[in-house]
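This document starts with one chain, in the form predicted alone, laid out as structure tokens.
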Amino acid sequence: MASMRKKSRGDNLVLRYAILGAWALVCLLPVLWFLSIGLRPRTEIITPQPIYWPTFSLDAWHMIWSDWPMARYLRNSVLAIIGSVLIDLVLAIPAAYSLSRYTYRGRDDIGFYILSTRMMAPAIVAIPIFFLFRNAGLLDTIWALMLIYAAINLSFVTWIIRSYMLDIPKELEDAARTDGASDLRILWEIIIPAILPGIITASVIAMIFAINEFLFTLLIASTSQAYTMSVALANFTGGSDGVIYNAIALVAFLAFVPVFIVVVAIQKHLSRGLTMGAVKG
């Protein structure tokens, strides 16, 4: 009887892994299709007849690394995104702590105003931001990209972290204050470790939004010195060569891989953070 139960559990485990493996393959099919396009000759991609057995080529790979400064674009993307996320966390964590723990006049209005800035159309502030950075001498720099990405995602990160802080019992803070701990020490030693999954979740979402940002990147990065991967994709959509589909697919795949690795590496914290404090107001 015991052996039959073990066999049944083993069969169920195999079935579960088979279902999960099939679902993972379905989810990864678009990514693998993009990779296959990036590793095929251009003549096979633009041909009107379907090719069921494609030939693979590294022409696009050599082109994006030899003819285009793709390493610089990748470095610019990494520096701008990491810098913007750090700025968001430095500003959002204290703001979220104030909105979730202190009671003062206009607190709810301030919180709503912070969130409402995310609803604003980017085209409305594009020209003023351009002149602002131009007068400050920050055009075509990584620092400008860090600041604009941080400004775009700050309200979203603040609101997410605030919702996680509302889940922390205030009794923990009261006990710490009884022992003489200051608000800054409570925030650093109690609140931040308790909401670490939420901080990671907010950081990953802000990173994804920063990677996908195109309008302000194109506006601020006037030359290739500050181009990121999102703007680099536009280099392969025009000119005398037309649309270079295999280069676009390969660059898109290279932009996807770092995000995929980060999400897989922190998936435990990310999955926990997505289920914490999501319904707090």
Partner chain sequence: MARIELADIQKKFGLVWGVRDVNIDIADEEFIVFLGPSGCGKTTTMRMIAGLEEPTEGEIRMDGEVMNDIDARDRDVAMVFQGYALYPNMTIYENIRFPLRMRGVPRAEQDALVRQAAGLVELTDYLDRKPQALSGGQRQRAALARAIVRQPQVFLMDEPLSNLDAKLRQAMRVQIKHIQRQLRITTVYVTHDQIEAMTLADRIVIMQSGAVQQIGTPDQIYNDPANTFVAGFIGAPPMNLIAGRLADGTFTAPGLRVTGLPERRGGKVTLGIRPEDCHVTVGADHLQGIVFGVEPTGETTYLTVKAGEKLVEVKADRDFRADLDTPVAVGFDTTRLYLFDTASGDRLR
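Residue numbers count along the first chain shown, from 1. Given the structure is predicted, the values throughout are model-derived calculations rather than measurements.
From this point on, the text means the form predicted in complex with its partner chain, which you will not see here.
Segment that reaches its partner chain in the predicted bound form - one of 168 to 176, 107 to 115, 93 to 101, 142 to 150, heavy atoms within 4.5 Å
Within 4.5 Å of the partner lies stretch 168 to 176.
Would you mind picking the one in Ala126, Ala181, Leu86, Ala136 that has a heavy atom within 4.5 Å of its partner chain in the predicted bound form?
Only one option qualifies, and that one is Ala181.
Only one of Ile190, Ile208, Ile82, Leu132 gets a heavy atom within 4.5 Å of its partner chain in the predicted bound form. Which one?
By the 4.5 Å criterion, the partner-contacting residue is Ile190.
So, in the predicted bound form, is Arg185 in contact with its partner chain at a 4.5 angstroms heavy atom limit?
Contact with its partner chain, yes.
Interface residues of 123 to 137 toward its partner chain, as seen in the predicted bound form [heavy atoms, 4.5 Å]:
Contacting residues: none.
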